[in-house]
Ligand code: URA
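Heads up, the chain below is alone and in the form predicted alone; it's given as structure tokens.
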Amino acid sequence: MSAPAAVSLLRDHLLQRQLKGETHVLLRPGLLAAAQDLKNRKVREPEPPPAPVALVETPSEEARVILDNPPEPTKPGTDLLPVTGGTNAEKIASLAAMAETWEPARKLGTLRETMVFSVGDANARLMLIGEAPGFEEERQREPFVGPAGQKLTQILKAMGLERSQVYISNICKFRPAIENQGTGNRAPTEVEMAACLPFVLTEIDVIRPQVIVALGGTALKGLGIEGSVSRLRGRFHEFRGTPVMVTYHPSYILREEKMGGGMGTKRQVWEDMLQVMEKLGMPINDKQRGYFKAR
């Protein structure tokens, strides 16, 4: 390897360590002197030697942008991603931009190309997490806009909330691919969820919601919460210090309605949402408390 190439690799390595928050590098005794000696040597190459390279080289344009706007360092012991921006909205936007070309997800070859990140208030007290974008979500590039999304919007309105007042995301940021896809959808695999999980964890860290609602079994599994929705719903759990209410995914409600059992499922989901409202200190009127009670 030529000396310039070695210097370039070393520069990139040191830049990556700087982005992680490191400010010092330990050197073995004599290494600094050897580096200085290497700098002072004349490098003989088969081709005309390049111009001398200084120990501190002028950063590339890409590196200069990063150095001028350093991302927040990842916290020790976590798997959070570095974010840029002064406000929560700017930080979420930087995460979405990173997700567009996220190699761990792209290289799987089992996810479609269009990235669908999140929607809503980056300062919301309530965060809802689903599984993955479907046909309509991919087409509109927004989570929960298909039939299940319309059902979720109805639930939020019954709580007295608009979509713009909450933060809605998915465990997987790309629509899982299937053969002859059309409008068909499938749940993401554990590998696909793991590839996108750093984004969800960082979203939670940025938003700092007072309550998280995990919509369905896939969201549960993605967050590492063991158990079924039927067993875990109805009470709060905890994820990294944040209360989590587990409830059925809106698509499950739609399936139950088609099979004639939707009323019971809707009642259970509403009971879960009432607990969420109470946890958030939201006012609950008699009409809301009386939903689904026997007439």
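Position 1 is the first residue in the sequence shown; the rest follow in order. From a predicted model like this one, the values you see are computed outputs, not experimental measurements.
Quick note: we don't show the form predicted in complex with the ligand, though the next part is all about it.
With the partner omitted from this view, the residue of 195, 213, 220, 132 that lies near the ligand in the predicted complex is 132 [heavy atom within 4.5 Å].
In short, of 97-105, 144-152, 79-87, 176-184 it is 144-152 that has heavy atoms within 4.5 Å of the ligand in the predicted complex. Residue 137 belongs to the set of residues with a heavy atom inside 4.5 Å of the ligand in the predicted complex. The partner is not shown here, but in the predicted complex the stretch 232-249 reaches within 4.5 angstroms of the ligand through a heavy atom at 249 alone.
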